[in-house]
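Single chain ahead, written as structure tokens, the form predicted on its own.
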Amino acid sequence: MDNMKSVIFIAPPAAGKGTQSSKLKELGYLHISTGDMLREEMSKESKIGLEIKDIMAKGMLVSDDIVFSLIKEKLKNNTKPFILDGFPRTLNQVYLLDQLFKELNINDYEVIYLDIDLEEALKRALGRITCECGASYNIYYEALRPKKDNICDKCGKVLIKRSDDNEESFQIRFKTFIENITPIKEFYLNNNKLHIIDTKIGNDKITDKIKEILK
């Protein structure tokens, strides 16, 4: 892992960011997921955590400022290469992140876009079942099915289906993502940071390509 670069993953839902992030975590990467950070802060019941709880209870989106204060906290004393998982999602967040990186003198990173079409993403999402231990399976792919129906191979717990993995809500999430992503890709392309990987090549080959990019 010597001198491996950090990575920003941007990809449509079900493109496999989680799978690839897990593989990089095994190499010692710090994994930064905004969802995890917000949940962690709420469970601590810190001042900012209570504020987040209140915002989410009202069904509102947590502001970029709050998210960035958490990301900055994670990065300012970090010495390991890191993964930003599924973030930024808007052009405003791109500019804020760019500003933060300049402030913290972070420039040794690459942006990886995992390219997937709606049909394939839908199959992955609707077949996906997960375990609280972090393991993930898919009923539509033989190689990804659990050995026993609905039971985790790793810890033996019952597997669950995400509530947002239904066709209608998934299509909305996917289309919203695609509508917002073009200017983000253009920004990183113009900065010579963007790498597009076709997910059809399969997980292992994707991992090999990512490692090559991050060397």
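Just so it is clear, the model here is predicted, and its values are computed rather than measured. For every residue, the number given is its place in the sequence shown, counted from 1.
Here the subject shifts to the form predicted together with a small molecule, a form of this protein not shown in this document.
- A heavy atom within 4.5 Å of the small molecule in the model of the complex is found for one listed residue only; from Leu159, Ile181, Leu30, Val67, this is Val67.
- Taking a 4.5 Å heavy atom cutoff to the small molecule in the model of the complex, the contact residue among Cys155, Met56, Leu189, Leu50 is Met56.
- Considering the small molecule in the model of the complex, the lone stretch of 89-97, 75-83, 135-143, 107-115 in range is 89-97 [heavy atom distance within 4.5 Å].
- Using a 4.5 angstroms threshold between heavy atoms, Ile151 stays clear of the small molecule in the model of the complex.
- Thr34 belongs to the set of residues with a heavy atom inside 4.5 Å of the small molecule in the model of the complex.
- The closest non-hydrogen atom of Arg39 lies within 4.5 Å of the small molecule in the model of the complex.
- Mapping the unseen interface onto this chain, Lys17 counts among the residues with a heavy atom inside 4.5 Å of the small molecule in the model of the complex.
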